[in-house]
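Here you get one chain, nothing else, as structure tokens; it is the form predicted alone.
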């Protein structure tokens, strides 16, 4: 089954690993991701702070390219890209005059004829289907995961349909449960990590990250699992800074959900993550990935 695929800028830069893992995992599920030809930046959160028109026009261009594929669904792994694209599509549907104005400048126009889905929407659907059931699973041991969604997966600056519970999303927990990874209830799963403010308001961002880490540790987690590339980068790359600042002694890896899915699907550590995250608490990978279940 073919699906249109918009990786976005992060998955070609700071989150190249996420792009790599997503393609591996989807292929194992029998889903071929057809990357959009000549896609461009969706504007993410920056465009909306500067120009409301461009905040819609930028993702509209990608939507037009996606609709031209005649595929039914557009998959977007990045939470910011997903939010921006989904909101733009709804705003265009609600404002025909704006849609006409933008379409006049597009070589491939958009009319809302494609479903925009996050990576979690697709994975959530697939674990209940025949493709998932046909995959022999490798047991993953030693993890107690705190699923960290970040602030953009269920919060939108416009009235759009939300696929998950806004206050207490469950898609990641459902997917991880299906591959035998235990998850924990906790309070800060949708708290903002500071996102790009780590560049211009570092101390405030570090304080937010520390709150997330403290709550996850207090619930007994030994890893965070994410789908947002910005959340993964902040929580992992800034971990020494926010832990030292707030006197946090423990450290934990921050996994993309695709990494754990890949391991559960029998993809080797070297293939799913060249270089590899360190397993939690020094666990050996041979112990973490045991017999098939």
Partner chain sequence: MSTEEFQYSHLSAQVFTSEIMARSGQDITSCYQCKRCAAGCPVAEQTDMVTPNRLIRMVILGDIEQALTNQLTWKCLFCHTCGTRCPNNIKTGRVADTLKKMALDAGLDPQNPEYKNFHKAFFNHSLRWGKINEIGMMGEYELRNIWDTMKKRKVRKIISHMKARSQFAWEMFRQKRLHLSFHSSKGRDEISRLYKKSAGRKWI
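Numbering follows the first chain given and starts at 1. Only a predicted model underlies this, so the values are computations on that prediction, with no experimental measurement involved.
The protein also exists as the form predicted together with its partner chain; that form is not presented, and the subsequent description refers to it.
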Checklist entry - Tell me, which of 180, 72, 157, 112 has a heavy atom within 4.5 angstroms of its partner chain in the predicted bound form? => result 157
Item to check | Interface membership of residue 43, its partner chain in the predicted bound form, 4.5 Å heavy atom rule | outcome: yes
Next on the checklist: Taking any heavy atom pair closer than or equal to 4.5 Å as contact, tell me whether residue 249 reaches its partner chain in the predicted bound form.
Outcome noted: no
Checklist entry - Closest heavy atom of residue 137 to its partner chain in the predicted bound form, within 4.5 Å or not? => result no
Checklist entry - Even though its partner chain is not shown here, does residue 207 get within 4.5 Å of it in the predicted bound form, heavy atoms only? => result yes
Checklist entry - With the partner removed from view, which of 102-110, 213-221, 121-129, 169-177 is the stretch that lies within 4.5 Å of its partner chain in the predicted bound form, judged by heavy atom distances? => result 102-110
Checklist entry - Judged by heavy atom distances of 4.5 Å or less, which residues of 1-24 approach its partner chain in the predicted bound form? => result 9, 10, 12, 13, 14, 16
